[in-house]
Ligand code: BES
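Okay, here we've got a single chain as C-alpha cells, the form predicted on its own, with questions on binding and movement later.
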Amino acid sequence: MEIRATDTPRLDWTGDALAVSFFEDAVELTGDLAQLDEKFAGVLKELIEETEFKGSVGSSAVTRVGAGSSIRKIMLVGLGKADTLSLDNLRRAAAAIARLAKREKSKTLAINLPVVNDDPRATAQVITEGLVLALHLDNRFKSDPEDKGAKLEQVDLLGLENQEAAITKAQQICDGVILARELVAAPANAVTPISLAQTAEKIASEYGLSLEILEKEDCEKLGMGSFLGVAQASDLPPKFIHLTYKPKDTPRRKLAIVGKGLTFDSGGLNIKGAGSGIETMKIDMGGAAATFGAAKAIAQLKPDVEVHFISAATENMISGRALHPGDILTASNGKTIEVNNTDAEGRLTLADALVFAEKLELDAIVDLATLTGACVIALGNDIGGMWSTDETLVTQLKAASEAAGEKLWQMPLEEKYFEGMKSPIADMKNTGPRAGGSITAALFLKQFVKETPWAHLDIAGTVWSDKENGCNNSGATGYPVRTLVNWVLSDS
C-alpha cells in the first residue's frame, strides 16, 4: 500500500473512496463540502440524514455515489467534540476509515482529517500509523487465508503535502509494531529461544547493529544462576540476547530496553492448572517481542541515542531437571533467592538481565514484562502498569505513552511490602503475599538495579486483545513499541 501526501483539494480528487470527517454537533455542509454535495447531487446530505450521523467518536457511514461520478463511494467519520481532538483520536479515525475501505473493497482512498495542534507532521504520522496497523492481517498459519478480496493499494492524505518524512517515520515504527505482533501471535513451536535469537540476528544483519548472544556456558561464567534456574528443565537451550544500536556520532544518551523472553510458560512444577490460560502462554515473551520490535524501528529511524536491547530467552518447562519449589538460586549480583513458586519465573530471568544491563553504564533502563495477573486485575487489559525509581524517567515515559496512544499508569513502589518477600534462609523469596502482587514483583526487580534510573512496565494485560481497539485488531497488539520508540527519540 502506497501512502501519499498531497495538496489535491477534495473537490478535485478522483478514485474509489473519499473519507471526510465531522466534529460532533457540527455536521454542517458549508464551504467546499457544500460544493462537494452539490457535485454529487446531494448524496452527502442524504447520507447524513438517513443514518442520523452526528459526528460522535467512532461513528461512520458510507454510501455509493451516482454512476459517472469521479469517486465511487463517500465515507463519513466522526471525531467527537472539537475541543477534545487529539492525535490518538486521529489515529483511531484513520484506523476506522481503513477498515471501512477494506470492507467496501476500495483500491484507492483519500482521507481528509483536520491538523491537530497546527502540527501537520505529527498529524500525517498518526494517520499513517492508524492506516497501516488497522490493515495488518496475520495469515501465516492459515492454509486458506480469509483475506481474498480487493486490497487497498493507494491512500492520499489530502492537505498534508510535504509530509513524506512523517509518513516514512510512521511506516518504520509500524514495522516494529508488526514484528512484535507477529512474534507474540506465533505459537511456541515457532517462536523459541533459538528463533528469538535468529530474529535478533536478522535485525542486526539488515540494519548494521551489533549482536552478542550468550549461550548457557557463557551465562554460567557470569553467574546467572537465576536465569539458568528457570531454563534448566527445557530441552531447548537458553539464549541471552544483547542487540545494540549505536549512532555514528557520540550518543546523546545511553539506554537499555530489557524484555522478558519466556517463549512458553508451563508454570514449572507449580504447573498452571485448568482454566489458567496455559494455552495462551506463547504470549509470555511479549516483553522480548516489543523489545525487538523497538529495535527494528529504531534501527531504521537512526536517532543520536545508543540503545541496548536485551532479553534472557528461555522456556519454563517440566522435566526431571526442573527447578523445585524451595530451591535457592544465586543471581549474578550475588543475591540469593528462595523459589517458593516456579510460576513466578519471569522475574528470575529479568533479575540477571537487569544486572547485565546496569554494568553497561547507562543513563536509564526500562524493563517490560508480561509479569503478573495482579496487574491485569488492577488495571485491566488496556492499561500497562509502571513502577520507577526516578520521576524524570516516569515523566518521559508518560509523555511517550500519551503520544503513542498506549496507556500507562504509575503504580507505587511501596517499600514496606518487601517485608513479605523476605526469606528465613535466603536474601529473598521470589513471590510475596497475594495482596499487591504486581507491586511486590516490581520490588523484587528493584533489588537488581543499584543506581541507574530504572522503570518496570507490567504489560501482562496489554499485549493481547480479544477485541478490535483503535488501530489494534484482535490478537497481538504490539504494545508498547510506539511508547518505547517515542521515549528513545525524546529530547529529554
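The first residue of the sequence shown is number 1, and the count goes up from there. Given the structure is predicted, the values throughout are model-derived calculations rather than measurements.
Below, we refer to the form predicted together with this ligand, which is not included among the displayed structures.
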Can you say which of 237 to 245, 396 to 404, 339 to 347, 189 to 197 gets within 4.5 Å of this ligand in the predicted bound form, counting heavy atoms only? 339 to 347
Given that this ligand is left out here, which of G373, P303, G223, G420 has a heavy atom within 4.5 Å of it in the predicted bound form? G373
Just to be sure I understand the contacts: of K272, R121, K359, K216, which is the one whose heavy atoms reach within 4.5 angstroms of this ligand in the predicted bound form? K272
Looking in the predicted bound form, any heavy atom of T431 within 4.5 Å of this ligand? yes
Does any part of D352 reach within 4.5 Å of this ligand in the predicted bound form? Heavy atoms only, please. no
Is there a heavy atom of I283 lying 4.5 Å or less from a heavy atom of this ligand in the predicted bound form? yes
How about D265: is it within 4.5 Å of this ligand in the predicted bound form, going by heavy atoms? yes
Members of 440 to 461 lying within 4.5 angstroms of this ligand, judged by heavy atom, in the predicted bound form: A460
